[in-house]
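Next up is one chain by itself, shown in structure tokens, the form predicted on its own.
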Amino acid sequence: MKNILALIVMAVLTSGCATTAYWTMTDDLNRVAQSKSFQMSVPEGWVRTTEPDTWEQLEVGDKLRTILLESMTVTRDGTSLHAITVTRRYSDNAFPTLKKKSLAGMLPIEAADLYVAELRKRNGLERLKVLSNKPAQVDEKQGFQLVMQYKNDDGLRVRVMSYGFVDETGFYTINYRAPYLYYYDRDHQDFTELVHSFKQLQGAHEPPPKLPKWVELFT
């Protein structure tokens, strides 16, 4: 089955006359990253995904599921070291491993607590520590600002700052992850400016897309 899936993926990737590069360098003429639901300005010299990822696969209750979303990633030195990830999750799958939905009237502190629980369960970060959880605004919407920390397998302290909010179109997060030593402070201002530039677009109110047919065959 895995071999068949690999062949189908290869066929999809190699079909057509040309493929779009997954990563794009950001400069003064190419600062705005945009998906259907949101846009933001990316710091010059950073690399970002050219187009949003629109689905992910993960295990929920020992079963592989494909979840629709919109997600764009930004990095300066490589995602294995640090990254900014902007994600919109649809209401029905806002917290997939917890099997919980987001509701338009959900309090920011409730959404923040569910998000932390989701991260701990999804990424195996049982020791993820919450250093602060306070109200914040994102694009004039009432939300939260979380600061969290964990140690990776090499004992390196990694700090995470997350902004998020919930509305009738889903659950949005802007997530910054970097080693606490040197990198976190070095790029924190760039992250703050990206958060301030975030704008929700009218496309957020459109119906969710359908999964690609070849993905449906394996979920």
Partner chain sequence: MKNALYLTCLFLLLGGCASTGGVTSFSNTGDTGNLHEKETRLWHEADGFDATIDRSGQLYENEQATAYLQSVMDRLYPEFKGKVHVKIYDSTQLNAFALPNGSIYFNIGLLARIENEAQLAAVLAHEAAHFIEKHSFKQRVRSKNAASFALSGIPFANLAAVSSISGFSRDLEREADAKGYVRLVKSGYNPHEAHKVFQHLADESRALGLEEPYFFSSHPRMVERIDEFKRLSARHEGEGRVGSKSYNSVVSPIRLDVLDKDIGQDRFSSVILVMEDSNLRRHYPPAGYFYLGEAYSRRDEKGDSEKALKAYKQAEKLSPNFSPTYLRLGMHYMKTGYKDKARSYFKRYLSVAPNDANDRAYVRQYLSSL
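Numbering follows the first chain given and starts at 1. Computed from a predicted model, the values in this text were never measured in an experiment.
The same protein also has a form predicted in complex with the partner chain, omitted here; what follows describes it.
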> Do heavy atoms from each of Lys100, Gln142 and Gly155 fall within 4.5 Å of the partner chain in the predicted complex?
Replying inline: yes
>> in the predicted complex, is there a heavy atom of the partner chain that lies within 4.5 Å of any heavy atom of Leu81, even though the partner is absent here?
In response: no
> Is Asp92 close enough to the partner chain in the predicted complex to count, meaning some heavy atom within 4.5 Å?
Replying inline: no
> Would Arg65 count as a contact of the partner chain in the predicted complex, using a 4.5 angstroms cut-off between non-hydrogen atoms?
Replying inline: no
>> Against the partner chain in the predicted complex, would Arg76 count as a contact residue? Criterion: heavy atoms within 4.5 Å.
In response: no
